[in-house]
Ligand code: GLU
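Before any questions on binding or motion, here is one chain by itself as structure tokens, the form predicted on its own.
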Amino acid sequence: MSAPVVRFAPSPTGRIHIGNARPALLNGLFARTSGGRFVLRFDDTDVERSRVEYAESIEADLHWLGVRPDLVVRQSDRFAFYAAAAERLKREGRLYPAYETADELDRRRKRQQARGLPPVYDRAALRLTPEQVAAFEAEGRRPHWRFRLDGRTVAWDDGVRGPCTVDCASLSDPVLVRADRSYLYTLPSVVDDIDLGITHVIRGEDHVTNTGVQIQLFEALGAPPPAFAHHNLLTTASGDGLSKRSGALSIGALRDEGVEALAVAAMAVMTGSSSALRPVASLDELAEGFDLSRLSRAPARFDEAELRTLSAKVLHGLPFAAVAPRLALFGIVGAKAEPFWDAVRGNLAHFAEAAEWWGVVEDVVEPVIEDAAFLTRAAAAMPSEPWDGDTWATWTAALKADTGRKGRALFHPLRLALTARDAGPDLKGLLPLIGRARAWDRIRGTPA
């Protein structure tokens, strides 16, 4: 059996959000765990709304999430394939011209609804005489082209939802080609899936009905349909849908706000599944035990506050090796880098805060003197070098014995003088990095 091939097919008409990240990651993890290939396909046949900058941002967002496509294609480069498929369907009588205007179709639907009938297209175009067609053409009308469905029930075994059926007799024949000869989503998507050898289509449950139509279209083009899996959709915590146009929770915005990519990935994959939401250290860890059947059929509500909490937990658990290149971008390198990360990571809400604490360790700090007399005694009790992880405990124990202070009264004046901050990482790890010379100057009220 050949390796599976999956695809993520965004339209580059806006910036992708966490709801779009869900199918991208589900497809990416499926390919990763099955030894398959992942295709990024830009559905950019809407030339007026598609933008190069959006396509570039989508690639950048996927790269940030750790999703690496094996192949990138653009539908705007493939119009010849769609034209050939349309001509084949015309020859075989499956694609037929229809001349109704949008207003005429709308009036017809309203009449059907008023009579208690479903608003399904009645195939009036198939009953046009040559004279009627000629009259429409003389008016300057150009036809749109509809795919003639077989009036049967289409069934498939869905990778998420189990056995599924769509009664195509209850559907209107879908328009595949507009009057201006541009293509709607359905035909290019099926043609590309055939040409690119897509074996599994993993996408949102809003495409379930489309699947019945597309399976018939695969068959009409002489190709076996792929396996389908329709996952539940992410909504906001209030139950509202996510939209590229609104920009809500876009991947780029989350990245700019300092949310960890692995937190976004974990939320996108685990929300609305039987897997308990938890921080992960890598996509490989996220892929462990990955199974589409774990996804629920109920709506998956995404909580932005929960994402930010998860992001901090991800950050706290990252080992030095995973962040060393990112630390280097802040100039955090050398022998101090790893013990510094171990000292500060548990207190970070965002990775960029590491640069601030590196400044506390390496740059000049203006100490905050809360109790000068106490700090004079602290300077006198300061241990000699070398300093290590026990120095803080040794120093504060001696001060406690000397002054009788404990708790906040003991620790807070020292923290303010050493770091100029009210709170932060445990000084057990931070103090040896600051070093005795700087610590002495700061305790004595000298910027250092």
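We number the residues from 1 along the sequence you see. Since the structure is predicted, the reported quantities are computational estimates derived from the model, not experimental observations.
This next part talks about the form predicted together with the ligand, which is not shown.
- In terms of contact with the ligand in the predicted complex, the residue from Pro432, Gly14, Pro10, Gly19 that brings a heavy atom within 4.5 Å is Pro10.
- Here is the short version: of Arg345, Arg203, Arg161, His144, the single residue with a heavy atom within 4.5 Å of the ligand in the predicted complex is Arg203.
- Partner proximity in the predicted complex, defined as non-hydrogen atoms within 4.5 angstroms of the ligand, places exactly one of 38-46, 398-406, 57-65, 379-387 at the interface: 38-46.
- Using a 4.5 angstroms limit between non-hydrogen atoms, His207 touches the ligand in the predicted complex.
- Taking the partner from elsewhere, Ser189 is found to have a heavy atom lying within 4.5 Å of the ligand in the predicted complex.
- Contact between Phe330 and the ligand in the predicted complex is not found at the 4.5 Å heavy atom cutoff.
- Within 4.5 Å of any heavy atom of the ligand in the predicted complex lies no heavy atom of Tyr96.
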